[in-house]
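Just one chain follows, in the form predicted on its own, and it is written as structure tokens.
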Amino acid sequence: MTELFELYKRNFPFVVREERKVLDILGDPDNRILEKRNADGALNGACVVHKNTVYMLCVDREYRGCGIGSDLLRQAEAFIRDAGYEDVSVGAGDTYLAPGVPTSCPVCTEEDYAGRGVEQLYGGLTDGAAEFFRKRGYVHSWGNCDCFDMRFPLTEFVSDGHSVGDTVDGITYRFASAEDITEIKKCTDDAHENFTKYYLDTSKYDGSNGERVLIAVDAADGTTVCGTLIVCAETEGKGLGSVGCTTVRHDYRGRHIAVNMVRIGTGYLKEIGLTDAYLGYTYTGLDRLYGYSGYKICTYYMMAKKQL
């Protein structure tokens, strides 16, 4: 497993994923692992398949262009077809190592992200991996919507004077406790029901795992949760924090609650001494929300899929 993990690290330098999580995913006994080794027996290419998802397909740079990746993909597709599936996805399935295929280009929209100042890609990132899959019949499966990660050096964050505990325009921004879960669920169910499951983990409320829930509460009654945000400190790496899973109840929208939560949460990450903030696996539209606070797109993903 160590050898497979090292191959992953060499070939996915633009993907942020905590080491223990990666090892858990790679070590899933239900995976099918296809390998290629060089003349000395060292692992130089691999494909990790779970159900009908290719979690990972990579070949070390010096061995690319020799048909290794194509052969691994053919084997993976045959395995998936024989298991009774009609299609194959690359990236996200039951979980993910990378949401999709890392690429330097927006996949499907005509948005000028760079022109709007919300794009600053990692150096060395190219469109080569996405082109590999396109040539083999894969298409982007998210319709007219891009998927990407965003990043923000916290030395560049300038506070607007608001912090955790403040009340701004009738809304109080504070960290939640477990007693708030019932009201939080009402908010997330109304705003984005698919996010509710992420807010039910009680460890997010006792500070035991580096994750906290920032909530926006209507100061008029002191109980109605009208917005939520998950704030994480070093859950994905040393010095790295993140914000995400932003929700705002429909009847409270248009009051800059989401922007305030992102800025207050990001300011908290800077206050506790972290160096960078990160937002993973997000999509067209949210670049405006997070871009307003200083986050920039650093990696795009082709959400590759193919009918077998």
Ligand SMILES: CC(C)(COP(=O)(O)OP(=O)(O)OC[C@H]1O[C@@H](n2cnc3c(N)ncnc32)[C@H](O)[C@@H]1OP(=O)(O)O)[C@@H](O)C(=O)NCCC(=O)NCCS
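Model, not experiment: these values are computed from the prediction. When you see a residue number, it is the position in the sequence shown, counting from 1.
The form predicted together with this ligand exists for this protein as well; it is not shown, and the discussion that follows is about that form.
J.: Is this ligand close enough to Leu34, Val59 and Tyr63 in the predicted bound form that each of the three has a heavy atom within 4.5 Å of it?
T.: Spot residues vs this ligand: no contact at all.
J.: Given that the partner is absent here, state which listed stretch (270-278, 253-261, 47-55, 25-33) has heavy atoms within 4.5 Å of this ligand in the predicted bound form.
T.: Residues of 253-261 come within 4.5 Å of the partner.
J.: Considering non-hydrogen atoms and a 4.5 Å limit, which listed residue (Phe79, Phe132, Trp142, Phe195) is close to this ligand in the predicted bound form?
T.: Filtering the options by heavy-atom distance leaves Phe195.
J.: Considering only heavy atoms, tell me if Pro13 and this ligand come within 4.5 Å of each other in the predicted bound form.
T.: Pro13: no, not in contact with this ligand in the predicted bound form.
J.: Could you confirm whether Thr266 comes within 4.5 Å of this ligand in the predicted bound form, counting heavy atoms only?
T.: Heavy-atom contact with this ligand at 4.5 Å: absent for Thr266.
J.: Report yes if any heavy atom of Tyr295 sits within 4.5 Å of a heavy atom of this ligand in the predicted bound form; otherwise report no.
T.: The answer is no: Tyr295 has no heavy atom within 4.5 Å of this ligand.
J.: Is there a heavy atom of Tyr290 lying 4.5 Å or less from a heavy atom of this ligand in the predicted bound form?
T.: Tyr290: yes, in contact with this ligand in the predicted bound form.
J.: Sequence order please: the residues of 233-254 with a heavy atom within 4.5 Å of this ligand in the predicted bound form.
T.: The stretch touches the partner through Cys245, Thr246, Thr247, Val248, Tyr252, Arg253, Gly254.
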